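Take a look at this one chain, the form predicted alone, written out in structure tokens.
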């Protein structure tokens, strides 16, 4: 019996040691959308290798941004402590910060490190002079065009809306195809398209005091440009039912001359295996502007934030800094197809060798702008989606439609929420 006890003692000690080690292990949970490239898990494993005794659990969220938002609001409103790090859309930081759900990150990302990030994504993560998330990967609207068709017709890439409409109308008739396709369905993409035109005409959605500016001459000019697209058949009426993929499919099947879309469409346009009929015939440029004004893209992309209810906030911040580091963003650019938020990654020789078109993206990203950084933006967007779609479908004239939108926003939004 004593011999058996002697044999058992080392095993018991080992089990106790393993149990103690396991109890000392720290676990944090990262809520994030689906990753087709499979890089999330690889990054977690690298973080765990660099942080012995730490385990990162991956909570995969639905693909739909709206579904993710609703799930996050449910967790955070209940003070849920099970999630430490959230991946959040560029339009959510102010809303979540105002609700008291996020930890401030000014100290976590200080100068000069902060200066390496694109200004647009940083602005989108900042509310009332406080950084609430760290930019992870980005997006911005781009103009795609059929370089072969423009070349045959001795046309330069249009850099004004007037030139784009003229070319799109002329080439549409000549080749019996769509001229300019974009995203006009009643959803967030419609707001992005409108803001890009408004900003590039020198207009703003809100003034410095938070007052809506939808009755300005610039807003009327922007809606007039959209209406003219249909009047001269530069754009088919069908775009008012299109989201990103409807536009992309029409363009990559060879049935459109110009397209506004996000950067994801570039790789597909060059891939015959994915059905592209225009591989090698496509060019890309910043979106046009009104004469005398500057091109402006609407910023997309995702960021990383720490829950105020996290049990391990410092470790959660470490994960944010790791995932947004130069090395991680380079890895994501090379293997995950995500566009960096760090300026230096756009200058990396390895990244440019594999993705030479990043030079074109950078020119748009450096001037890209976030949508209004304010906690009531989701409500504002709902008003804009409905009101703008009514104008563009001809249910109401531009001036009356904009006046109605102006009045609705004046009654419904909180001026104090606004931040430049």
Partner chain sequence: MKKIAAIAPYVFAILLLLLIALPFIWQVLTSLMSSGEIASGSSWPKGLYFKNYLEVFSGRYSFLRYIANSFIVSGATAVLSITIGCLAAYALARMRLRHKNIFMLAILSAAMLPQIAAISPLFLILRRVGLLNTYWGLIIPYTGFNLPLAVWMLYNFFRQLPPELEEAAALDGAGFGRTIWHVFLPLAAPGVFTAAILVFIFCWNEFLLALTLNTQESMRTVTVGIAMFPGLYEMPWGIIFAAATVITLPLVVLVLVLQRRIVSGLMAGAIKS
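Numbering follows the first chain given and starts at 1. Predicted, not measured: the structure shown is a model, and the values here were computed from it.
One more form of this protein, predicted together with the partner chain, exists but is not displayed; see below.
Practice task
Spot the stretch among 146-154, 340-348, 270-278, 312-320 with residues whose non-hydrogen atoms come within 4.5 Å of the partner chain in the model of the complex.
Solution key: One stretch meets the cut-off, namely 270-278.
Exercise for the section: Spell out, yes or no, whether the shortest heavy atom distance between residue 57 and the partner chain in the model of the complex is within 4.5 Å. Expected result: Residue-level check for residue 57: yes, a contact with the partner chain.
Exercise for the section: Using a 4.5 Å heavy atom cut-off, state whether residue 207 contacts the partner chain in the model of the complex. Expected result: Answer no; every heavy atom of residue 207 is more than 4.5 Å from the partner chain in the model of the complex.
Exercise for the section: With heavy atoms only and a cut-off of 4.5 Å, decide whether residue 74 touches the partner chain in the model of the complex. Expected result: Result yes; residue 74 sits at the interface with the partner chain in the model of the complex.
Practice task
Check whether residue 27 has any heavy atom within 4.5 Å of a heavy atom of the partner chain in the model of the complex, and answer yes or no.
Solution key: Result no; residue 27 lies far from the partner chain in the model of the complex.
Problem - Position in contact with the partner chain when the complex is considered in the model of the complex, options 117, 199, 332, 302, heavy atoms within 4.5 Å - result: When the partner chain is considered in the model of the complex, the option within 4.5 Å is 302.
Practice task
Heavy atom within 4.5 Å of the partner chain in the model of the complex: which of 253, 325, 231, 294 fits that? Just give me the one.
Solution key: Checked against the cut-off, the match is 253.
Practice task
Could you list which residues of 60-78 come within 4.5 Å of the partner chain in the model of the complex, counting heavy atoms only?
Solution key: Heavy-atom contacts within 4.5 Å come from 60, 61, 62, 63, 67, 70, 71, 74, 75, 78.
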